[in-house]
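Before any questions on how it binds or moves, here is one chain, the form predicted on its own, in structure tokens.
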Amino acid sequence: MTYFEKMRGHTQSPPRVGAVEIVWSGIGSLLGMAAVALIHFQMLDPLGHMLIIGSFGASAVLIYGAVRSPLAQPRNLMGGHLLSAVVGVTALRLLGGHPWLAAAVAVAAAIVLMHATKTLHPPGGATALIAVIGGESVHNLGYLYVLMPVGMGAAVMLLIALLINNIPKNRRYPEFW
């Protein structure tokens, strides 16, 4: 097989999920994001704090829409975000004078660390990147970024995932811790 032939793929698209699965994915993501956003906008934002970051949208897809995926499990959600946040802040501190390099190093190092710790969670790459490109409000947090918004926001989403994903009889979360 040539280099370009590999790009054609070799399997069919996965089957469509049923309507019940779609509904529960929607309910879970609505409630999970609503909880994080409500805490952010009603309680923390007026005090100048934050709880919501863009990478949580991608986490919602995994923990509410792909509940059986290894990438969606609590270990991956929490570990992936927390480790990536530490990596992102560290990259900014060490390489902040070269934001293009800090951004690249943050994402690459986050992926390597998540792989090494069995906590791969794709939104973690965005969490590391946000630490670098998030602007002054994020930069001013320093390592507090790891705890809030990242740790606290991911924990709220995990709690909602545990509660909602186990309501239907044919759905179960998590697969492992």
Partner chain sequence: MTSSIIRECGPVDISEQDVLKAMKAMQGYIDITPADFKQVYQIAYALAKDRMLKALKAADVMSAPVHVVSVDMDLIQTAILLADKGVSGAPVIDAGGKVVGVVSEKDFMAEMGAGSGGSFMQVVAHCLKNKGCVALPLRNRRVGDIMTAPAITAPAEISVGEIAGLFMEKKINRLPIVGQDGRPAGIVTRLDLVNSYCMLG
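Positions refer to the first chain, counted from 1. Being a predicted model, the structure only gives us computed values, none of them experimental.
FYI, the form predicted in complex with its partner chain isn't displayed, but the following is about it.
Although the partner is absent here, K118 lies well away from its partner chain in the predicted complex, with no heavy atom inside 4.5 Å. Residue contact with its partner chain in the predicted complex: S69 places a heavy atom within 4.5 Å of it. Taking non-hydrogen atoms only, G9 never approaches its partner chain to within 4.5 angstroms in the predicted complex.
None of the heavy atoms of I167 is located within 4.5 Å of its partner chain in the predicted complex. Figure note: of the listed segments 107-115, 59-67, 147-155, 27-35, the one touching its partner chain in the predicted complex, with heavy atoms no more than 4.5 Å away, is 59-67. In the predicted complex, the residues of 1-23 lying within 4.5 Å of its partner chain by at least one heavy atom are, in order, H10, T11, Q12, S13, P14, P15, V17, E21.
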